[in-house]
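Given as structure tokens, the chain that follows is alone and in the form predicted alone.
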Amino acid sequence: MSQVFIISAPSGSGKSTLVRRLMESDPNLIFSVSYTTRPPRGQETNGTEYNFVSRSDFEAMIERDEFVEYAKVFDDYYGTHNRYIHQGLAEGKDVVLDIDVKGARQLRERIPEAVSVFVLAPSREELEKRLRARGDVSEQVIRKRVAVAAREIEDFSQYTHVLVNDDVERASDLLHSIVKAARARSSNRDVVASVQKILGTFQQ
């Protein structure tokens, strides 16, 4: 049975870097490329980091019920398309979703068995530093995102795991360990189900 991993974080926490490293190290994962109406940043390419679409196209997909979740974040839409979940199930691979806190909230309700990981920067100062390093937003926008992050952090207890991204190597190792542990638990459940089925044949 395929697992769904929800990786979520306030903007600037380093979530996307951790997800990229996870995907590079594990061939049994499928990355759900989110759709967004925001423009590409830096070296981002369509279909890799995000599927970049117009607002009208995104809203048409909403009308066709193509998203398992979607949300409006900082005036732009973001959404997870159903096809990545279906692809994971069809191929027997686990699906990784790199999504915002609003989207994660929806997905935890729709897929309660999913493993959710909340990524945090080690401090407000570090979060601000990382946002400034992007070089694509104003100080006003940075202050707005830090204020939003303060509210989003209140959701931390709703996640299966919380990961503090104070060192990218250590955080990457921890995220990979979380994935392996979740697979082991899933495998154990399959074993228990098989044993119970066998026991049932002895009790007939």
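This one's a predicted model, so the numbers in the text were calculated from it and none came from an experiment. Numbers for residues come from their place in the sequence shown, where the first is 1.
We do not show the form predicted together with adenosine-5'-diphosphate, though everything after this point is about it.
Q: In the predicted complex, which of 132-140, 22-30, 174-182, 153-161 comes within 4.5 Å of adenosine-5'-diphosphate (heavy atoms)?
A: That would be 132-140.
Q: Looking at the partner-bound form in the predicted complex, is Glu59 within 4.5 Å of adenosine-5'-diphosphate by any heavy atom?
A: No.
Q: Any chance Val168 has a heavy atom within 4.5 Å of adenosine-5'-diphosphate in the predicted complex?
A: Heavy-atom contact with adenosine-5'-diphosphate at 4.5 Å: present for Val168.
Q: Determine whether any heavy atom of Glu126 comes within 4.5 Å of a heavy atom of adenosine-5'-diphosphate in the predicted complex, and answer yes or no.
A: Taking the distances in the predicted complex, the answer for Glu126 is yes, it comes within 4.5 Å of adenosine-5'-diphosphate.
Q: Select from 11-41 the residues with a non-hydrogen atom within 4.5 Å of adenosine-5'-diphosphate in the predicted complex and write them out in sequence order.
A: If the 4.5 Å heavy-atom criterion is applied to adenosine-5'-diphosphate in the predicted complex, 11-41 yields Ser11, Gly12, Ser13, Gly14, Lys15, Ser16, Thr17.
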